[in-house]
Ligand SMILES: Cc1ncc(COP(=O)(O)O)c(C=O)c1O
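A single chain comes next, written as structure tokens; it is the form predicted on its own.
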Amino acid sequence: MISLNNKILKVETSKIRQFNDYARAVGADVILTLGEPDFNTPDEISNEAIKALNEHQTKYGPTPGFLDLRKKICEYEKRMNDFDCTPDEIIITHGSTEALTSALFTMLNPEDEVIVPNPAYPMYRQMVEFMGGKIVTIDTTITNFQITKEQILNALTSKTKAIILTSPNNPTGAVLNDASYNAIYEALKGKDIYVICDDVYNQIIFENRKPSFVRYKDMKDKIIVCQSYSKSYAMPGWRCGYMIANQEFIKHASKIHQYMIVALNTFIQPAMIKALDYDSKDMVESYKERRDYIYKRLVDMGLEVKKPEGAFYIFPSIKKFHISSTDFCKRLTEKYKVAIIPGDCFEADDYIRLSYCVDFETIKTACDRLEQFIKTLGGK
């Protein structure tokens, strides 16, 4: 075989999807693995794309996305997050995944370091290392999934290029509090370090929603927002999102964006405009009800677990069972046909992740079977 790029050979495929595929292959019939909303995309959003198709909006679009959409995003960010941005500071991307990839590609030189609070979405490590960078982790399992100034200062070196913040967090569902944000700000202010806000879940916060790190207006030129429509509007298959950064950064990130996808599908962009006026409070309330149910069930099983404040994941500890998360999940899958994700996928092997963006009956069945399994391990 002709040799391939050595870097791509080192990149692992998603462990989350690997385990999801494994679970289905061994016959799991209760699936709490992927973060895919069970809601359909609201009709009023879908109808805008249908209308655009009927009007033959199928030509090439501008690389950064249509101006009216970028203006709408500016209005939305001001209304929701009190974040001031201009259309020339925005690229419409193929989901937040492309926004993150383009941002990292634009900023990283070999040996540059990116700080990532763990547990974390596995893509971060794979993309940073593919681009020749280095991940420096912060263990938030010892700080109740929050971040301290001391942790940031201990992680900083002369090679630090960026920190990635995800709040609400995947996999924990934890929301960074004011103390965490202030600690990060105090540690980074005055330093030439980017703050990448992976804000894909920031509309799914159950109480006291506040802006993310974008609240620090004096650091705006160092903030990069990566946003997705997948979670908030039940649009995972649409693959649409955006990046916000300073104009100079956007100018160079647009090169990567252009060569990867040219521009986002034109007929989708009118639907993206419509979505920004959609109130997804009913979806959020439904996730909250499911959160409350699954949290109580896990506590009643005797599991140590923090109540999620957002997103649609819960991350109980299995440390007391003295078993790896992969072994735990495989045994649960093979014998009880329930699929959940090992914490090892997020570099937190003492935990397991359950996704509760599925219907109540599936959640109840999963909890019933998980309870039976835990009893065989000596749990409550």
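On a predicted model such as this, the values are computed, not experimentally measured, just so you know. So that there is no doubt, residue numbering starts at 1 and follows the sequence shown.
Same protein, other form: the form predicted in complex with this ligand, not shown, and the subject of what follows.
Chemist: Give a yes or no on whether each residue among S96, Y124 and T166 has a heavy atom within 4.5 Å of this ligand in the predicted bound form.
Modeler: Verified in the predicted bound form; spot residues all in contact, yes.
Chemist: Looking at K220, K149, K71, R239, which is the one with a non-hydrogen atom within 4.5 Å of this ligand in the predicted bound form?
Modeler: The residue in contact is R239.
Chemist: This ligand isn't shown here, but in the predicted bound form which of T160, Q269, S228, S180 has a heavy atom within 4.5 Å of it?
Modeler: Residue within 4.5 Å of the partner: S228.
Chemist: Taking this ligand as it sits in the predicted bound form, is I90 in contact with it (heavy atom to heavy atom, 4.5 Å or less)?
Modeler: No, no contact at 4.5 Å.
Chemist: Are any of the heavy atoms in V200 no more than 4.5 Å from a heavy atom of this ligand in the predicted bound form?
Modeler: V200: contacts this ligand in the predicted bound form.
Chemist: Is L100 close enough to touch this ligand in the predicted bound form, meaning at least one heavy atom pair within 4.5 Å?
Modeler: Yes.
Chemist: Hey, in the predicted bound form, is S212 touching this ligand, heavy atoms inside 4.5 Å?
Modeler: Residue-level check for S212: no, no contact with this ligand.
Chemist: Among 302-310, 288-296, 229-237, 269-277, which stretch sits within 4.5 Å of this ligand in the predicted bound form, heavy atoms only?
Modeler: Of the options given, it is 229-237.
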